[in-house]
Structure formats: structure tokens, C-alpha cells
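Structure 1 and structure 2 below are two forms of the same protein chain, each written out on its own as C-alpha cells.
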Structure 1
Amino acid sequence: MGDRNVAEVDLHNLEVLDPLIGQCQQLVREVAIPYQWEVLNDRNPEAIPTHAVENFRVAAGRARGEFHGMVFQDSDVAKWLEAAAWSLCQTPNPDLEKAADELIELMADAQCGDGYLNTYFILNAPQERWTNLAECHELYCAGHLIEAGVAFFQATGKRRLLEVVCRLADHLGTVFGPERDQLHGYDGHPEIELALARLYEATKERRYLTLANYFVEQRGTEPHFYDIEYEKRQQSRAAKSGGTPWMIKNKAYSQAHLPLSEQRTATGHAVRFAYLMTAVAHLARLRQNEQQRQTCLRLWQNTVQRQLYVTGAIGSQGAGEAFSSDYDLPNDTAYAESCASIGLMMFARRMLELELDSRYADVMERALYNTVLGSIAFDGRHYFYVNPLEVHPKTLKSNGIYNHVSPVRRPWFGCACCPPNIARLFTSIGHYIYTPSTDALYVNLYVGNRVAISVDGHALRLLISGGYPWREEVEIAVESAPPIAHTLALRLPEWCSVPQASLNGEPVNCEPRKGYLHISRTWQQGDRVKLSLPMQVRRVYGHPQLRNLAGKVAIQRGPLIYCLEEADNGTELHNLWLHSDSRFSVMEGSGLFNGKILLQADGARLQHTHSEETALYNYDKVPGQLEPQRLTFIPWFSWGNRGEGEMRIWINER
């Protein structure tokens, strides 16, 4: 069972200096957070009006009007506030802090006397509070607000929002629970569970942990709460609705079809699943609960062994933004929501704290350096909601099965969960780089950074540098004095077949324990660990049951998946082949790709003539002929930054 004393890095004591992730964090801090604030305040003409902050102003009595937007519109504001909080840890910004303080006062003014806070119900239907948990996201919104409250307290020491969310959580404790006069329900969109676990860690109030666990354990029990709730709503209406809504009927969509202890496969809405499992893994450690640990192990295994894209994405279908079945991972109709990969990183982080095994960090890295990194444009103002592995723009426009897929990133969305989620992930990336435990400091990600970690009352100061993921060498320098006895546990990535390490120039035996190289010593200022992680270009092949990948290959270097894009290789990418014996050239990118590594290899294109008379099908021979073509591969996360065009990861091999 995981160590109860696993800690969280204090982001005040961590500075990201990385050329890639650091650049992205800077982009989020300097561009995305201000841009999103303008959008949430309806001050950006490019983006869809959100009314998100205005809803709070109306609920607080500071403006007149009605609620507008999605029923869960409050959550976008809360996630932005959390991103702002984590950003303030690394870079103080008086203007941002002032905007956040004013927003918090607005939220406090909107809060009801009993602690309830949700602008949709306050403005639209105050008598219908807690009557439609299956569909209306009340607890989901509360969860994101609680996470923001914890983050802002940790970032600034200010308790104003923490007090607001504690009142909200205490209100939930009176409404929900096992007593006869309480509701025995849970939200359609998990989030409150992981938020309450965080609130418990911040306040040490046991009742928040108890409530989080109640929501988890209640889910999926019979009689089904959503059915009871729906029947009550029907009885209170004069006119009956036409039929049971699909969200109530399809309980697997919300992971409400079975108790978690009985679930065997990852199912339903991918983000909801990931958020729920993040909470269960956290609870399993905090409560030292073996059944919850086994549930996490079982469902993690199914997710990553049978339902995970090579890009670290989950959710293979647009219908329900959901998982489908084992080994069903289509490339062009993939949903692969940005929030789902963020959720997978959150789940992996909590599993690491539970198990301290590098396989969780390997998946976390795969998600970060591919889907999550690719979800935001180089300009910081455009975002992917859906992250396909193959795009043919001409077909997207005419075939309805691709309605969810966009060939370019968008400035905003009607359902805008992804942009502020991306922002809060990058501003809090320090929580994923390290897992500090009483016995060792686990280094999960080789993101360049300077950090101070508390060890027995002293500060162990480290500097990680080296230019990962482009460069093979990682250096960890000790900058602290006096000497500190501790263990550094360095992840040896699964993609690297021959890692090497040295300590102050002397070779270290790279014999891993659960995927980590443990180096124990009394660390002194000037000590240097060098890790060599050879980044040969590797060909990736799919499991034989992944029918969409038959005869195809993907290219990976380090943690990065590469792709072909029309801008470099022309149209009809489906008519390109990579030779099975081609050697790859590694090139320094320029212009838009400055500082990035590109790859080239010899391949072939099926050349053909096309006219109105060309037959749709040909007998006995392949139409056209193969001609040599030099293929250029770019890091997949960077696709779509040069306008609309074809893209594919998995290509023909011969």
C-alpha cells in the first residue's frame, strides 16, 4: 500500500526552466491565462460569448439579466481561477492576483446563506437544487470550485475562497450521506470526489474525506439513484416527458451501472472515468484501503493495455465522448479529448503515489508530451478539444461521422472545459515532475527545473537540465548545503532500451526497482548525476487485434510520437509508404519548428493519374506506380500550426 507520507511539491519552491514544457508554461502564463480571462468576461470578439463571469455578477446582484451558457458554465471560471493560482506560485503578478481577488469576492457575494453556490440553479431554478444530479453537474461545478479554493490558498495564503468552498462542502455534508433524511446520490460527472480529497489534505477535516468516500462507494449501487431521482421529477411535473433521457438510461456513461468494486473495464465517458479513478486512487492511499487499490489496479490495467492510444489519449468514439471496447482504437474518428488525457495524467499521478512504480509515470509522460502538449497552439490562443491521429480535411466537411473532429485548433468552444483545464495542467506541472516520499524523491519527468524539497527539515536543492525531450543527456545537479542523506529515484523510461548513469563521473549500475534507478547517499553541493537516455528512432507496431493498424507503423523518438503532415509531404498521405529498412535522419527544425527535432526517411508514393474516366476499381493490378519520396516527420504535438491540411501518425510500411 502506498506511503501515507507521500507529499506534494510546493510550487513556490519549483521553477520550470525547460525549453519545451517551460516555453509552454510561459505561453500559458503570459498569453493563455489573460486571453481566457477576456473570453470568460465576453471581451473577445473572436470567441463565442460565454457569459461565465457575468452569471456570477447576476447571481451576486451586481448586474441584471439571466443565466446563459451550459449548465456547468461555472466550472470554466473555477478552472481558470485554479490556473491563475498555480501561475502565481511561480511568477507573482499583482494584476492577475487583483483580478482573482475580485472574482473571489464576486463568488462570495453569489453564495447562498446555507453555503450553496451554483449560478445556474440560483438564477434559473432555485427550487430544483439537487433534483437532477444525473444531468446537471451541480457537484461537478462544486468540485472545481473547491479545487480552486485549495489552490488559491496554497498559492497565496489567502483564506477567502477556502472559506467559501468549506461552507459549500459543509452544505454538501448536510444534503448528502447515509442518513434517512439525506440524498443517497452522486453526480453524473465525477469531480467532487477528488476535490473533497484535496480539501481534506488542505484542512485535515476528516468529514471531507468521509463524504468523498461516500460518493465513490454509493456509485452504482441498487436501486439506482438516477432512476429514483428521475421518478421523483416525473411525479412533480404536470406533463410527463416523452421518455427516459439517455444519460439516465445509459448508466455506464457515468460509471453508475455497477459499484466500482465490480467493474472490470474502463467504460463510458472518458473524462468522467479518469476523474473518478483519480479520486479512488487518492482515497485508496489516504484510507489505506486494499479493495479500492485493487479496483484501481484492475481498471488502470484495462485502460492502458487495451484502450490507450499511442499518443496517451483515451476515448475512442464521439458518441458519449467515450470508451468503446477493448482494442477498438480508430485513428480518424478518435475522440481523444484533451481533458481525458489531462484526467489520465491525474490518475497516473495518484497511482504513482499509491504504488511508486514507473509504469504510471511512463503513461503520464506519453499523455503530456503528445496529446496534452498538442492541445494548445503555438500562439496560446487556440485549442483542440478532440485530438485525432489522422485527418483528411476534405472528408471532414462531408461525412457526419467526423462532426466532432476539427482540422485546426479553435479559439473557444460552446462547451469550453478544455482551454482552462490545459492552463491549470501546465501551471501545476511541478506536481507531476516529482513524487516526494519519506524514503526517496522520485523523479518522474525530466522537465528542466530548479526545485527545493524538504528532507528532515532541510532543503534538498536540485537543478535538472539537459534539453529533454530533444537531447539524450539529463543532468541533475545538487545545489544545496549542508549535506543531506536521501535517495534519488530516477525513472528509466520504457522507451529507452539502454539507459546509462554516472555520479560525479563514475558509472552507476542501472539496475531499476519498479522502473526507477535508486541512488542513496549523503548529497553535497556540486554532486552531479548524469543520465544518458539514447533516443534512437523507434518503429511502433500495434497489437494484432488493433485492426486499424494492420500493415502500418508509427514513429517515436524519446517520448514523442511523430506524424506526417501535408505541408511537408503533399496530399494523399494514405498513398505514402515507409520502407521497412529505411534509416532515419535527425534534423534540427527551423522557423516555426526552431529548437525542435524533425525526422526524415526514404519512402514511396503511389503515383496515379486521375480523371473523370478513371475506374473506381481496377482488376488484377494496383492502379498507378510507386515512386521514391523523401518523407518528413514532425512531432505530432506540433501539427495543425500551419493551417488546415492532412495529417497521419500511422503510415503504410513495406
Structure 2
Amino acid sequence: MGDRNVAEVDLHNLEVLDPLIGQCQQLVREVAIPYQWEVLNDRNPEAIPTHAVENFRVAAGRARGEFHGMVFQDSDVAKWLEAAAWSLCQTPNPDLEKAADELIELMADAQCGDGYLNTYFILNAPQERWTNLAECHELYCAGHLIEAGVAFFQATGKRRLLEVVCRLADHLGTVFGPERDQLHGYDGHPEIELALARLYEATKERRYLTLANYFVEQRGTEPHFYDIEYEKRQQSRAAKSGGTPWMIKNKAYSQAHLPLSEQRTATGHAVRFAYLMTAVAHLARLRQNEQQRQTCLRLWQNTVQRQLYVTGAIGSQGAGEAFSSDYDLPNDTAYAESCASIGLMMFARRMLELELDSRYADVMERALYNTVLGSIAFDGRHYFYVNPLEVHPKTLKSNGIYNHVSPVRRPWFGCACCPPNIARLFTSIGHYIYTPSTDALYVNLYVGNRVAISVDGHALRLLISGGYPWREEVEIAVESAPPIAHTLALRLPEWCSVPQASLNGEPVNCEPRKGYLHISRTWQQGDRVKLSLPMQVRRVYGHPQLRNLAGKVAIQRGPLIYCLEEADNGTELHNLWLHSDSRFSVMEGSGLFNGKILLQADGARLQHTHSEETALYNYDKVPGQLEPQRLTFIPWFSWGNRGEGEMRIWINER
């Protein structure tokens, strides 16, 4: 596994300049974070009171009252705090910091003497702590608090919350572990594992790494913890609960059906899977553990080789918000949860840190530029939870297989869990753009930005620009004055067949290593690397075992998947055909698509009369005739911004 060390970019030293990503950051900073704060404090008259901060106030003894909300309500507050922290790195905001500081004090006051901190149990059922890990999200909440503590420390240097969460983690270390008198358990919703790995990296305290590893290794072992825990609860109840809980009957839902070392396929709830694997990949590197590394490789490979949508989404069914099975990727009933693609980016990032191979970054990019970008509306106030690859609005209300699908984004403040995830991602996007390693600075994504990377105590300052993902030229300019010897490793995207690089006008001729072009040099101010990434429009075909894609084609340009929408092409998108030899025209968009690239190509439509007389089934010939139609494609992430209408990524080809 090598002795290479990786680090993460200091977000104070990174400024996103990219219009697309930058706009999302701005919306998060200016709209989402303040709005969410109002909602968490029950100050928004339009939203249902969450009681989220109030729960902490009551637990801290500063207010009277009861717990209200979901069993995982605390995590909403924690995720808000984490997003706020990352946001402060880019954009200092005294009011925001003050509000966060006060919230942190509240959390510290609410914390029990032994370090326990979870307002649901503190207020509702203090004697039921740690009795239902399968269902009650108890360690999940702890994990999000820990992530917030780490983020806030890294963002502000303030230790208050970090100390709170260390006490919490130390408490967990007494409760959970291999000793006889400890609980040999783990949470139904993975999160604590990845959080403890981060806490370890922030504090260098080995016990947090040990505990994270304990949770990962215990998962799915026999005798099964969920069953033991459930039995214990049943015995202590006067009235037996009727019927085994779903989580226990369906252990695969939470990836607890087998030890991870025996799991062969990505299965169950997609977000749980992604959070778990993010942790395992991180642990594999921190612990230099070969078995865990093999587990990651095996499950990564199954995910991207057999269960990944072309939009970088995972989770092909609404039932359980889960994976289905190898090659089962329906377009219209897909779940493709926004949070799952964010989780996939997190997993990809940790895989990159494990092994700097561009294939991980390729998936990360596919997820970011399609599903994740597509989850937010242009106005920043609406949001997709589920991201279908094909939608037929007329049918959504009448057929139950589409219960989870919406043809337009919904006001995102209605949903508590996903918007904070989006907020955390965009405010920390620098952690995905770069993987700083001792041997090189790996540039994974070409999001325009200005950054300062520490190299042997000196600051290497770069400016990445160029208009990605629309323009084919990326420029990396060195802005730091003192010469610094270092290697820039530039990812060559898998979708680009003939990339070319030049340094100060001279072609760079060297073999890429694992998909990265390594340019070693003593970098001087004014040095310019130009990366030419021709973005010819490419037709994409599914693996032959993808039965939903037989005879269909998708269109990709650069990292972006394109689609047809009703607004440009009319209804009945299933009656459109793209000619196999059509050439694509590339056009600048206008209006809603200003600054974006649209595509057009010659195709055909099956024209037919809309007569009452046309039979449902017709003998001998297709009712209707093919007429030429020019097809207009838009970037899929920009769909659904013009009201309800049909949409398709995978279209008929002839």
C-alpha cells in the first residue's frame, strides 16, 4: 500500500471561482444555511416546527419542555453546523460564527457527565440508551456531531465542540468494545465509523481509530448483534412487540447480513452502504489493512461495474431506497437518491486516498456533474430527492411503482436530511477537487478555483480556470512567487480520447500513470499548464446485460450526460429515434441555458394521428410513419426547470 501520505486541502486556502459550482456554494451560503438555521430554531412560519435546537435547550436545562421530532433530529443540527463550519472557511461571517458558538455552548451544556449526548434519549428515555442500535440512529447522531466538531475545529481553530465530541467518543469507547461487559454492537445506519476515522485524523488519538475499526469489523458477525439486542428488549417488555422489526428481518438493508469481508455485492440502502464504505476505505489506508482494502476494491468494483447509473447515481429501487442486483438499472423507477451520489463521492474520495487511480475520480466526477448538480434547481430553493433517468409525468400519479418520483424539484426545506448533505458537499468541495499527496498534488476535478497548497512549508498557489465543463481548455497557472519543486498530477478523464497537455507552450509528452499525467518541475510564478480535453459528443451504450438499455443510446459531452425534454422535442419521447449516423451540432444556450452548451442532431419521430379509431393493438404494421425531427439535447443536470414534462436520457437509436 506504500508509504505515501495524503492530506486534505485547507479550505481556508481555496476559493471556488467556477460559475456552476460557485453558484451552488453561493446559494448554500446565502440561502440554505441561514434558512435552515431559522427552521431548526422554529422561527420559520412556513415550516413545521422542528424543535431541533429547542431539544438541546431542554436537555441543557435552559428550557422546560419535551423532546419533539425524529429519533435522529440531533443530526440535522450537527449537519447544519458542519456546513456552517466549511462555509466559514471560505467566507468569514461573524454573525454565523457567533450563532454557531452559542449552539456549541448549548450542546456542551446538554452533554451528560459521562459524555453521552443525544437529546432524544436524554429527554425521552434515558434508561433506554444503547438498547436499540439497529433502529434508533443513536451512533449515527453521535457520528454527525463528531463530524461537526472536527469541521468546526478545522474551520475556526476553536476546540470547544471538538472537546465535547471527544468526550462523547470516549464514552462510546467505554460502552462498545470486545470486553465481556461491553456491547459488541454497531449502528443500523453507518456514520459513526467514518466520523471516528476523521476524529482520529484530527486528534491523532489512536483509540478513535480502534473504535471505528471495531464497529466495522463487528458488523454482520454471528451471533448477530441485532438479534441479541432484540431478544434482550423483548424479555424486558411486559407486552411483546408484534412481529420482528424489518431491520432485523432484512439485515442486508443495513449491510449487516454478513461480515464485510464476505460481502460480494453492493446491497441494501444506498446511503448506508456509501457511508459504510467511505469509512472502510479510510480505515484501510489509516490502518494499512489489506483485507479491508480488498473489501473496498471488491465492493467498489461491483458498484461501478454492475450497479451504477450513467448519471453517477446508485440505488435502483424505492423499496428500501436500495440497490437491486447486478445489471438491474431501470430508468424510470430508479431511486438514485441525491444523498447516495454524495455518499458515492465520499467513497470515491477515500478510494483515491487509498490508491491514486483516476478511475475513482472519474466516478466522482460523473456523480458531481450529473446527479449532484442536478439535485438542485437553478433558483437554489428546490431540490430532487430522487433523480430518475426517464420521467413520464402523466403516469406518475396513477402507477404505484412511481410513488417516489417527482417530475419537478420540491421546496427543499421540507426535507431535513438531504439539503444539509448538499450544503456540506458544496462548502467542502475542495476536498474532492484535490488530493494532496507527498509525491504530488493530484488534481481530480477541473472546477475553476484558486488554491494554496503547502509544500515543504511553502505555499504553492495555483489558479485553475477555463470554463469546464463547457470548454475544452483547462488552464493551470502558477501564482506563487518562490520557486517550488513539486509534481502536479492532472487527471485525464476517461471520457476524453485524445487529451493533450502543454507546459508554457511546449507539449508535455509522458505516459500517464493510473490516469494521471505527472508533471514534475520547479514551479515558477507565471508557469502555465494547458490541458486540452476535446469534448467530442459521444454516444454511450450500456453493457449488454443491462436489459433496460437494449437498442438505446445516451449522449455525453465531457463529463455531462445529456437528455431530451418535452419542452424542446414535444411529448411522446418514446417515439423519437436518433439516427446512428447523425452528426451533432454544438450550440450555446440562451435564456435559462445561458452559459450552457446544448446539442442537436437529426432524428425521427413516429408521427401518428391522434384518432379515437386507432386500435390499442394493430396488425402487420406500426400505426404511424417516421418523419424527420431535429432533436435537441440539454445537459441532464438542467432538466425539470421548465415545469412538468417528459424527459429521457436513454433514447431509441436506429
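Given the structure is predicted, the values throughout are model-derived calculations rather than measurements. Between two forms, the rigid core is defined as the largest C-alpha subset superposing within 1.5 Å. Residue numbering: structure 1 sequence, from 1.
The form predicted together with another copy of the chain appears here as structure 2; structure 1 is the other form of the chain.
With a cut-off of 2 Å and the rigid core superposed, residue 624 has a Cα displacement that falls short of the cut-off between structure 1 and structure 2.
A displacement of 2 angstroms or greater separates the C-alpha positions of residue 49 between structure 1 and structure 2, with the rigid core held in common. Comparing the forms between structure 1 and structure 2 on their rigid core, the Cα displacement of residue 611 reaches 2 Å or more. Overlaying the rigid core between structure 1 and structure 2 leaves the Cα of residue 63 displaced by 4.0 angstrom. Lined up on the core, residue 36 has its CA atom moved by 2.4 Å between structure 1 and structure 2.
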